[in-house]
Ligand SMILES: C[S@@+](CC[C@H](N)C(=O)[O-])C[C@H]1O[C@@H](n2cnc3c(N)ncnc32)[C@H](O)[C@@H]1O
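Let's start with one chain on its own, the form predicted on its own, as structure tokens.
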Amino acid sequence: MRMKTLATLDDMKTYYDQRAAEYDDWWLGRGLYAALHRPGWHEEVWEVERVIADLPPAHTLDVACGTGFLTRFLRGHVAGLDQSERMIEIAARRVPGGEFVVGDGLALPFAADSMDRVLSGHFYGHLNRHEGARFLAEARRVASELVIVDAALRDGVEPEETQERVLKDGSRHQVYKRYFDPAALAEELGGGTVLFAGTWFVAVVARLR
């Protein structure tokens, strides 16, 4: 099968539409991920869930919310946004009290100062430097606080790399991915506090203004 390079966010939308039904398998270590050797993975997933659940209640927008796997742990009024219609359908069922919309994470369809917090899990690490700057500007426009959950820099990966991703249907995709040192991520966000630093995940909160 021909390999598709995810050169644009539209390509990412198509990829995540295809991946929606199996996305939680990555978090839960099922399906294609069941045989992976990931020591401490499940414990770190629980820690990330705890970090999200411990955030003070707020009006939070989860950008690139996916299936709502992390969104469900947020307290307060919750909105979720994703480019993938299929992801949004799953998230809306999982978090029935939330507001979920299909939209672009680099052009948020929300008014200035309409949120207290922006959360983004495993989205920032798919953005190149120019896209990352656009996302941060949009997050700053709509909220005063940003929480980023993403992949930790560790042995065996590069800070920036292109990965081959294979889905259950056999399709193969090339995905741009960054891995983060927690302190460096906090600095990149303009200064912040590290909420979690593990082998697999990092979580950082930053004041945007």
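One-based numbering along the sequence shown. None of the values given here were measured: they were computed from a predicted structure.
As for the form predicted together with the named molecule, it is not shown, yet the points below apply to it.
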query: Does at least one non-hydrogen atom of His77 fall within 4.5 angstroms of the named molecule in the predicted bound form?
result: no
- request: State yes or no: in the predicted bound form, is some non-hydrogen atom of Phe100 no more than 4.5 angstroms from a non-hydrogen atom of the named molecule?
  value: no
- request: Indicate whether the named molecule has at least one heavy atom within 4.5 Å of a heavy atom of His122 in the predicted bound form.
  value: yes
message: Taking the named molecule as it sits in the predicted bound form, is His126 in contact with it (heavy atom to heavy atom, 4.5 Å or less)?
response: yes
query: If we take heavy atoms and a 4.5 Å cut-off, which stretch out of 179 to 187, 65 to 73, 32 to 40, 154 to 162 is in contact with the named molecule in the predicted bound form?
result: 65 to 73
query: Which pick from Met115, Ile90, Leu136, Leu81 sits with a heavy atom within 4.5 Å of the named molecule in the predicted bound form?
result: Leu81
- prompt: in the predicted bound form, which residues of 21 to 39 put a heavy atom within 4.5 Å of the named molecule?
  reply: Tyr23, Trp27
